[in-house]
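One chain follows as structure tokens, the form predicted on its own.
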Amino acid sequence: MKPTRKSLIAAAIVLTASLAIVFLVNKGKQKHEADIFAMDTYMQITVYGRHGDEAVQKAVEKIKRLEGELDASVINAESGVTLTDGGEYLLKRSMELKDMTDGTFDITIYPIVKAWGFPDKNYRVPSEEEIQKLLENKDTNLQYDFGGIAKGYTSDKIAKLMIENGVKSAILNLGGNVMTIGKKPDGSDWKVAIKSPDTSMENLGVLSVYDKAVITSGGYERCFEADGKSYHHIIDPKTGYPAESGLVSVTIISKDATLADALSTALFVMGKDNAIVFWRKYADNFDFVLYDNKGELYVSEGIADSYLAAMEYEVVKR
């Protein structure tokens, strides 16, 4: 018997955020929390254990530092800017992921993303001529957009920091990018709900995980309307237009949050069939939950036993 939607909601962790940095400590349970606004999104850090207070404060400092280092507007505005070690690593990793995904993940599309107005929210629909010109110059006028990978990379760095500080149980929610460290204090898995783009459902399901990242990309997250048509922020690097792949939500589950962040975008652009072919090639590195515009849900077999949903779904096998 499948669980009800209500039971799924009750089982899932509720993650919240606030405008300011707030530290909360429950000494009885040794629970330490910080809410922070950074990288243009709300983030929450929750740590359990006696090392938590110091670890949380170090994590907030690290996030703020990475925010400055990876700010695309700064990198692209300053001619000849020298990237930090983290920026250099992320640039190299991004280029490797571009090759791996056959260009469906490409950080050099910043000029096109900017032409649509997504970085500064000055939304507009560029002309076909403008888009074509930007596509032709993309490989010569290099400008980088780390938006599709920065939060995943940050999750990896914060998780490493936590472990180095003796933390054995924590959960990070960086603007919907969830990273779990160890298990819950009671020894059970973390329950992470995957948000539904369909307003008729609270979520697409609940995943039981530990020591993994759960990262979702969807066109519903940032979009605008012009002349009666909706345009979302996930740009297809090959066309210069918002991807129309038939997918509306892609969730990637992996120990590597940097990889998961990039692939949530790449698979969204690929579309279901190509995404499944890609997964079968790299199935040892990640799993997925795909939801398409027909209301159909697909779950890779690696997480099928730890996934609960109130709707029917197809398990994709290798």
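Just so it is clear, the model here is predicted, and its values are computed rather than measured. We number the residues from 1 along the sequence you see.
Missing here is the form predicted in complex with a small molecule; even so, the following discussion is about that form.
- Here the chain stands by itself, but in the predicted bound form one stretch of 98-106, 195-203, 83-91, 161-169, 98-106, has heavy atoms within 4.5 Å of the small molecule.
- The contact residue chosen from Met43, Ile253, Val269, Ala59 relative to the small molecule in the predicted bound form is Val269, the criterion being a non-hydrogen atom within 4.5 angstroms.
- Comment: the small molecule is not present in this chain, but in the predicted bound form one of Gly240, Gly147, Gly176, Pro126 has a heavy atom within 4.5 Å of it, namely Gly147.
- By the 4.5 Å heavy atom rule, the three marked residues Val113, Glu221 and His233 all count as contacting the small molecule in the predicted bound form.
- Although the partner is absent here, Ser249 lies well away from the small molecule in the predicted bound form, with no heavy atom inside 4.5 Å.
- Mapping the unseen interface onto this chain, Ser217 counts among the residues with a heavy atom inside 4.5 Å of the small molecule in the predicted bound form.
- Under a 4.5 angstroms non-hydrogen atom cutoff, the small molecule in the predicted bound form has Thr265 among its neighbouring residues.
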